[in-house]
Ligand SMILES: Cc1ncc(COP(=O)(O)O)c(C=O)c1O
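Listed next as structure tokens is one chain, alone, in the form predicted alone.
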Amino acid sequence: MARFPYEDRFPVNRRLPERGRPREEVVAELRAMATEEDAFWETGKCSGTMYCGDHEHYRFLTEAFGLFAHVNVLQRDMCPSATKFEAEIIAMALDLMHAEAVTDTEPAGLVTTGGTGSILHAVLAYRDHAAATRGVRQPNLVKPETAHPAFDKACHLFGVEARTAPVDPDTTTVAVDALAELVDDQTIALVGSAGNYPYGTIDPIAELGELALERGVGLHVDACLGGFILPFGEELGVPGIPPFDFRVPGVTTISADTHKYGYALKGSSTLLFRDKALRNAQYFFVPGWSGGKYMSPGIEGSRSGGLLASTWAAMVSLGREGYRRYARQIFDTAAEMMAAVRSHPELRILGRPTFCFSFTSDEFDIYHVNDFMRERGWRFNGQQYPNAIHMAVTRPQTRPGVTEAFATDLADAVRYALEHKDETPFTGAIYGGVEGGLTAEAEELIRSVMEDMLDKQMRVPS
């Protein structure tokens, strides 16, 4: 897709127009853009991004959203429905993460605006709770190299030192002994992923839980990606899914995105706490403001009731049976796609993933495969250290013919890569896609930042 496909087709607004345009004209422009952009992922050739891909489901959620889109849930006296929606979303998510295993504290939760929002709130809660209960003044967070960059962002924003542990190159999960060496009396929490974004593999949460209990620190499980599919895979008997939730002693918080495999609209996630005392540490109070006593449960103030309503609607309309049905299709499809990869001796899957996987090559730069697949309409996410192609299987890939097309195109791509292995590939690793979708200025900025990081030897080998 071109970088700016609409500049010659629709008006460009460089300032607020003096007179508004007719609503019919505005909607027609929006519909044209939406229809053309949807046509891309509807092929099933897009990794991740579109987790549901069911327009009927989207219409249902849009209707639910529209009924409460204008509501500000900050004013709960005017919209008590928001309390029902949020409380039940949290209760259902806690049930999915086996909060019944917690007997000594009271579990709680928070609905956030996405995975980054959940991670930000978790780090904030750990920082303030550690300061209040342990006197921590120079906080640090210890995480795997594969942990999402949102943890680095949270540490940057909240003045927490981010300490990064390497991963085992064979398992693509964190090396627990190396992580343990980074823990000290100022550590506020450890991090493990279920599964991690780069490889889809699950860190050894049980071992991390033991370490967290031994050192007296928290353990956050980032299940933003897997939180609403791995539990159903476990119910279905999919191998390679160990307990990663509140059944594991030592796990104190879990982030799980409802807007991924929970099939809610974008802008919705959950952050779950083993103990509400930790959640309460992130509350913000200003009792002396002239506008009245102010309190917010998290970083945001105003929030749209539409996101709560539509997330609740997604969960109660699907139920466990619906989630299990879709999970079975996704796990089966992922297994077929990984079998296609393994059929080529030149390719190698990293670690032991289930629904989300990455593959590389020891014979050629894997981005030659990406270059070819891109011409066949595929859009993968790029990995690095080592270079790899990432495929998060979602419902669009479960459509008829997609796995067959993947196998056929991959075979042709491997032949192409072997023929061009002495050349430099066109694409490279950019989070959320591959190089070529950014402006020249943005690409140059990324290159300069990466070069600076390498000069300073900041990259952690995996």
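Being a predicted model, the structure only gives us computed values, none of them experimental. Residues carry their position along the shown sequence, with the first being 1.
There is another form of the same protein, the form predicted together with the ligand; it is not shown, and what comes next is about it.
Asker: Can you tell me which of 216-224, 295-303, 281-289, 328-336 lies within 4.5 Å of the ligand in the predicted bound form, counting heavy atoms only?
Answerer: Residues of 216-224 come within 4.5 Å of the partner.
Asker: Under a 4.5 Å heavy atom criterion, is G322 part of the interface with the ligand in the predicted bound form?
Answerer: So G322 does not count as contacting the ligand.
Asker: Looking in the predicted bound form, any heavy atom of T116 within 4.5 Å of the ligand?
Answerer: Heavy-atom contact with the ligand at 4.5 Å: present for T116.
Asker: Is there a non-hydrogen atom of H148 within 4.5 angstroms of a non-hydrogen atom of the ligand in the predicted bound form?
Answerer: Yes, contact at 4.5 Å.
Asker: Does the 4.5 Å heavy atom contact test between Y197 and the ligand in the predicted bound form come out positive?
Answerer: Yes, Y197 lies within 4.5 Å of the ligand in the predicted bound form.
Asker: Identify which of H121, H368, R127, H259 has a heavy atom within 4.5 Å of the ligand in the predicted bound form; exactly one of them does.
Answerer: By the 4.5 Å criterion, the partner-contacting residue is H259.
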